[in-house]
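The data below hold one chain only, encoded as structure tokens and taken in the form predicted on its own.
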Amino acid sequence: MTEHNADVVIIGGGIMGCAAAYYIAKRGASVLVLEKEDSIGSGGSSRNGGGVRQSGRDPRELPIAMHGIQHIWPTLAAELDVDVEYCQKGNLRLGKTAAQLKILESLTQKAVSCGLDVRMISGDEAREINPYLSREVMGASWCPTDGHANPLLATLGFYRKARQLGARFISGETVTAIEKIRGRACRVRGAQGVYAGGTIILAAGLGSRPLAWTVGLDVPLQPLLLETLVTEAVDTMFPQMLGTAAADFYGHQSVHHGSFVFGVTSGYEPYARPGLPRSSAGAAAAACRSILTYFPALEHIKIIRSWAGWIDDCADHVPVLSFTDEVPGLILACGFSGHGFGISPAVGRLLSEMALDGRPALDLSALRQSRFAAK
């Protein structure tokens, strides 16, 4: 087998891998990205609703989201030389019952303690921001600095810019093992070749768990199906990012072409068949019934397509972004649990710092893989 060498080898060609490759190549280091599918970003990176939010996040990952929105997202289109359709018009997370408002209040209090500008508002205040909301909405959390963007454009933007800077990508390459030499991870074995690197970044989504096992590590990831609906283009109605305390849908209307994009949970997810993710008419119908209880004005808008994708859901629903004491030379970046897109530019930059400097600019100790070790 041919052996390829780079300063950093990245396993996974989703937006995390592409962003990391860009920031690494930008600093002049050599980087090689291995993707098992024939196309870049074919997993969750192109199968999500595009939220760029801070509100509703676990406090352990909130600093990453805040850093990205303050320092990266506002200038990302200019940096990548592609319109990523970033729109920063706030995020309403909606509640229809007293129990749901308690969930939102708890999330809001935690976020405020981390320094985020987010507050609870009444149903009437929410309808002043978005007059299309139904009267069933009793209240909401409101974060004015949240927003949304186009996942596919952002992923391909990082990919194209990384390649322009010299990053190498090999698609259609199934990685079978990470290998150690003298205790250090420094080689990746694939179906087509062997790839040596000073540092290995494992960012392969659900595929990260079996590959981590090849060096004796376990990251507790499970597949969770997420379905996404896209509607026909209509006149502009509202620019906010939307979510709910019940977590039954999230989404936005594109400010560029007028389509709504909704990520939905329908209750059918535990019954999804293994293998290729497939959307279903039953799940779409259930999701639409839920959406219409919040936005009855959308009743006559047609759905033009839907798709489904597997989420690498971590045991505590928070990502693993971590060096590993047991395996020097390996960095884990997985388990983003369906909310990785919004933090992906910041994660890419942090991964470049971990790989090239030995330490990230932010404290990531709460996201270490060792938090799952037996105690």
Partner chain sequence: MLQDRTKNTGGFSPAPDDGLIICRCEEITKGEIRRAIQDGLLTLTELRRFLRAGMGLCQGQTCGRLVKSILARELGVPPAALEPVVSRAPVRPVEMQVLARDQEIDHD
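Positions refer to the first chain, counted from 1. Computed from a prediction, not measured in an experiment: that's the story for all the values here.
Although not depicted, the form predicted in complex with the partner chain is the subject of the following passage.
- Heavy atoms within 4.5 Å of the partner chain in the predicted complex map, among the stretches 135-143, 151-159, 111-119, 71-79, onto 151-159 alone.
- Distance criterion of 4.5 Å from any heavy atom to the partner chain in the predicted complex singles out Gly41 from the list Gly41, Gly338, Gly49, Pro63.
- Between the partner chain and the residues Leu298, Ala196, Ile129, Ile103, the one pair within 4.5 Å by heavy atoms in the predicted complex involves Leu298.
- Taken together, Arg53, Ala177 and Cys186 are entirely out of contact with the partner chain in the predicted complex: none brings a heavy atom within 4.5 Å.
- A residue is said to contact a partner when one of its heavy atoms sits within 4.5 Å of a partner heavy atom; Ser306 meets this definition for the partner chain in the predicted complex.
- Contact between Asp124 and the partner chain in the predicted complex is not found at the 4.5 Å heavy atom cutoff.
- In the predicted complex, Ser254 approaches the partner chain with a heavy atom inside 4.5 Å.
- In the predicted complex, no heavy atom of Thr214 sits within 4.5 Å of the partner chain.
- Contact annotation for 160-175: residues with any non-hydrogen atom within 4.5 angstroms of the partner chain in the predicted complex are Arg160, Arg163, Gln164, Arg168, Phe169, Ile170, Ser171, Gly172, Glu173, listed in sequence order.
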